[in-house]
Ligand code: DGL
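Just the one chain here, the form predicted on its own, laid out as structure tokens.
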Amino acid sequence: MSILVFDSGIGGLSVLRELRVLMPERRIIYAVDDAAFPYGDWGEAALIARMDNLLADLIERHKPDLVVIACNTASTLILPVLRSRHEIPFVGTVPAIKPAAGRTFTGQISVLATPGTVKRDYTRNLIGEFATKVNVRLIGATRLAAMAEAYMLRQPVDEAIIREEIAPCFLDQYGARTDVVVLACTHYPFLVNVFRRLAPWPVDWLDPAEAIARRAMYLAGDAQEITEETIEDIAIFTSGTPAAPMRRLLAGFGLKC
């Protein structure tokens, strides 16, 4: 069985590593639309058309048994389109607002996302459905996704900018402090240790990657596993073959370009 993992960047590797824990024998095809990164800069209609065409081509060429959209911005837009066009199952990545509402003790939740995810009706509908009894603050960070990619490639990042980007997550209101921050971009878990160090007080940083992998495992069911040792896990970049530092990073995740 093969699984296609799709993202606009390398943040989806946070989901891939959880998939490997739960389904180590499944073949992984990791597709990166880096030519269009970041998705938050795109208009909705243009982005839907791009992803629809790109994923149709990937599905036709690689014949995956299951697709994981490892991107919040993409998932909040494209999932209904994909499910209407293809028979294979799709697993999306959406802000973990429901579990956050169940975890908070103070009633103060922040959702650290990208501007594209923050402005989607899908995100606000999740709040209306699952978090009406708590205060949810939406923060659209403009620089963190790119900084996470740089950090993963061992490039220097400015911690003052990171502190500035996460600062709005922390609300102290009427004696109740934020105690849960939802990581609503798959890039952000790679910066979580930096977040913890720079945060003004401890919070629960909620990473949905494990839940996404569990959902994928459930949908995969008893599908036949890969037994041929020669079949490799691969990474595909829409901009072409990535530079050597990126190839080294991907090799650490068991991916060949």
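Residue numbers run from 1 along the displayed sequence. The model shown is predicted, which means the values in this text are computed figures rather than measured ones.
The protein also exists as the form predicted in complex with the ligand; that form is not presented, and the subsequent description refers to it.
J.: Just to be sure I understand the contacts: of V91, V181, A145, V136, which is the one whose heavy atoms reach within 4.5 angstroms of the ligand in the predicted complex?
T.: Answer to the contact question: A145.
J.: Answer with one of S110, T114, T104, T123: the residue that has a non-hydrogen atom within 4.5 Å of the ligand in the predicted complex.
T.: None of the other options qualify; the answer is T114.
J.: Even though the partner isn't displayed, in the predicted complex is W205 close enough to the ligand, meaning a heavy atom within 4.5 Å?
T.: No - in the predicted complex, heavy atoms of W205 and the ligand never come within 4.5 Å of each other.
J.: Taking the shortest heavy atom distance, is F37 within 4.5 Å of the ligand in the predicted complex?
T.: Within the cut-off, so yes.
J.: Please determine, with the chain shown alone, which of 126-134, 70-78, 170-178, 156-164 has non-hydrogen atoms within 4.5 Å of the ligand in the predicted complex.
T.: Only one stretch qualifies here: 70-78.
J.: Within 4.5 Å of the ligand in the predicted complex, which residues of 172-192 have a heavy atom? Give them in sequence order, or say none.
T.: If the 4.5 Å heavy-atom criterion is applied to the ligand in the predicted complex, 172-192 yields A184, C185, T186, H187.
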